[in-house]
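First comes one chain, alone, set out as structure tokens in the form predicted on its own.
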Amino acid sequence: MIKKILIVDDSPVARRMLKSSIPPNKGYEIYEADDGYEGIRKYQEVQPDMTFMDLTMPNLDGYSAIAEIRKLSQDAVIVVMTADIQRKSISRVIELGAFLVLKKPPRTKIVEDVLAKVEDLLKSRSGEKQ
């Protein structure tokens, strides 16, 4: 079950838009970070159930942050939210371990569908562990 969501994006506007696409009635705890370094630190601190990650950020980009988070946890569920939907970029983040790639800007229906897919993934994992 998703309880904690981490949003890593250098744009406050992009973070706000994504937050507004997440259903408010589900009781999610939403955390934010504005670059890859802060995203890694927040990931370690709050242990989110899923992370939305931008790719193009100052200091440490999303590619590097994904790689570092996946070193911390092979079970990390990372959904990339980016305007860069070139095939090469998508292939690279999937190789790094991203669960899904979404095009910016976020759409409420698509975000809801992604949350449902992540819920299914987490349920299947918890079923495997029992």
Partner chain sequence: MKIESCPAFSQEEKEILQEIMNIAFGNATADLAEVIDIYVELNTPSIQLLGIGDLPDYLINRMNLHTENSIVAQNFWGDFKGSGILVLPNRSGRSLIAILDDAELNDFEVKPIAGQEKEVLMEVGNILIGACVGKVCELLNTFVTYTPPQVIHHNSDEYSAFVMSFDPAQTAIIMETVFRFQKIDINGLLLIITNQEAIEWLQKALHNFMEPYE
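None of the values given here were measured: they were computed from a predicted structure. Numbering follows the first chain given and starts at 1.
There is another form of this protein, the form predicted together with its partner chain, and it is not shown here; the text below is about that form.
Contact residue in the model of the complex, chosen from A98, M57, M50, A33 - any heavy atom within 4.5 Å of its partner chain: Contact check passes for M57.
I94, V46, A67, A83 - the one with a heavy atom within 4.5 Å of its partner chain in the model of the complex: By the 4.5 Å heavy-atom cutoff, the listed residue in contact is A83.
Interface stretch in the model of the complex with its partner chain - options 25 to 33, 99 to 107, 70 to 78, 38 to 46, non-hydrogen atom within 4.5 Å: Residues of 99 to 107 come within 4.5 Å of the partner.
Residue contact check: K117 to its partner chain in the model of the complex, 4.5 Å heavy atom: Because no heavy atom of K117 falls inside 4.5 Å of its partner chain in the model of the complex, the answer is no.
Partner contact for M17 in the model of the complex: its partner chain, 4.5 angstroms, heavy atom: It does: once its partner chain is placed as it appears in the model of the complex, M17 has a heavy atom within 4.5 Å of it.
Within 8 to 24, the residues that have a heavy atom no more than 4.5 Å from its partner chain in the model of the complex: Read in sequence order, the residues that approach its partner chain (within 4.5 Å, in the model of the complex) are D10, S11, P12, V13, A14, R16, M17, S20, S21.
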